[in-house]
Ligand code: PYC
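Have a look below at one chain only, the form predicted alone, in structure tokens format.
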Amino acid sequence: MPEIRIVDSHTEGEPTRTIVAGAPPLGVGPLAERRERFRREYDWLRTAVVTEPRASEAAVGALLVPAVDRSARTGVIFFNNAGYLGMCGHGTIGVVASLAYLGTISPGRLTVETPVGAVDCELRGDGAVSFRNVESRCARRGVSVEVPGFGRATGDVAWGGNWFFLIDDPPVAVERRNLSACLAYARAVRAAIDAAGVVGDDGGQVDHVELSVPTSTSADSRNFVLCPGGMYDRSPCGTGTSARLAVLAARGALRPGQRWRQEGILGGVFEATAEPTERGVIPTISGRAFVTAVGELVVDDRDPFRFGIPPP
């Protein structure tokens, strides 16, 4: 009956469960290859850690593994109830906060290696975390799809560590009290872009939908992000904010170094800036995470749901 040591945290409301010990070894080599081994041979661990009865649909898992780059503090493979992620912004903030809680790092700079590249991070003295994300880019602008029950939706396809379909001023109110309508619309859009064959410029699946509106708060915009597993991101979404900055830069609506305050659906805020590159931007995102629990998950061979409750 293996025991899996974990640290739970939330980043502006979005949970991260970091596995710090007890996982099967994935060998050596690039993190993308080890992620595939995880998917191929140990997917039971993913479902055991982030699905019911131990977790919820909103949880993102982070498996700490040895980094290939010796300058990196750790490698990390992110996953959720639907599968595996290239990068996770709120999860990166959660991992850094969890390492700080365990006393393995102090305020200062560190590098976290992900399957899509190395991410430079900084733990500040006040506990806030910033990370310099992978290069983000706007691949296609003004893509239209027919959404049954809602009509035509037009959005931009952008990469921020994951692929996003970003819609400005959607036909639903992007407010916390309107979560059910936001979910229904975003899920319908996701089905429509799948049916239309909308993909990233590398053929990657566009598996996140982001709705953005102006806000009367001190933030620049408020978003609602649908994640691959069909649930919404409680935080402003790090990779979604990165994709948003790439779109704004492509429109000429974001100056180099300009601060962008992205509010999430629960009211939490990420602060962001972007450096221009030939293909897009390099975003830097800052936010807060708080540790909520430290413990061990028990996988009991007698438990019929030891690997999670299968989807219907």
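Everything numeric here is computed off the predicted structure, so don't read it as measured data. All residue numbers are counted from 1 along the displayed sequence.
One more form of this protein exists, namely the form predicted in complex with the named molecule; it is left out here, but the text below deals with it.
Using a 4.5 angstroms heavy atom cutoff to the named molecule in the model of the complex, none of E12, G94 and R261 count as contacting. Under a 4.5 angstroms non-hydrogen atom cutoff, the named molecule in the model of the complex lacks G155 among its neighbouring residues.
Of the heavy atoms in S136, none are within 4.5 Å of the named molecule in the model of the complex. Contact annotation: T114 falls outside 4.5 Å of the named molecule in the model of the complex, judged by heavy atom distances. Though the partner is left out of this view, I77 does not reach within 4.5 Å of the named molecule in the model of the complex, counting heavy atoms only. Between 233-241, 193-201, 144-152, 98-106, the stretch whose residues reach within 4.5 angstroms of the named molecule in the model of the complex through a non-hydrogen atom is 233-241. Residue-level contacts in the model of the complex: of V49, L63, V60, L31, one residue has a heavy atom within 4.5 Å of the named molecule, and it is V60. Contacts of stretch 137-163 with the named molecule in the model of the complex, defined by any heavy atom lying within 4.5 Å, are made by N162 alone.
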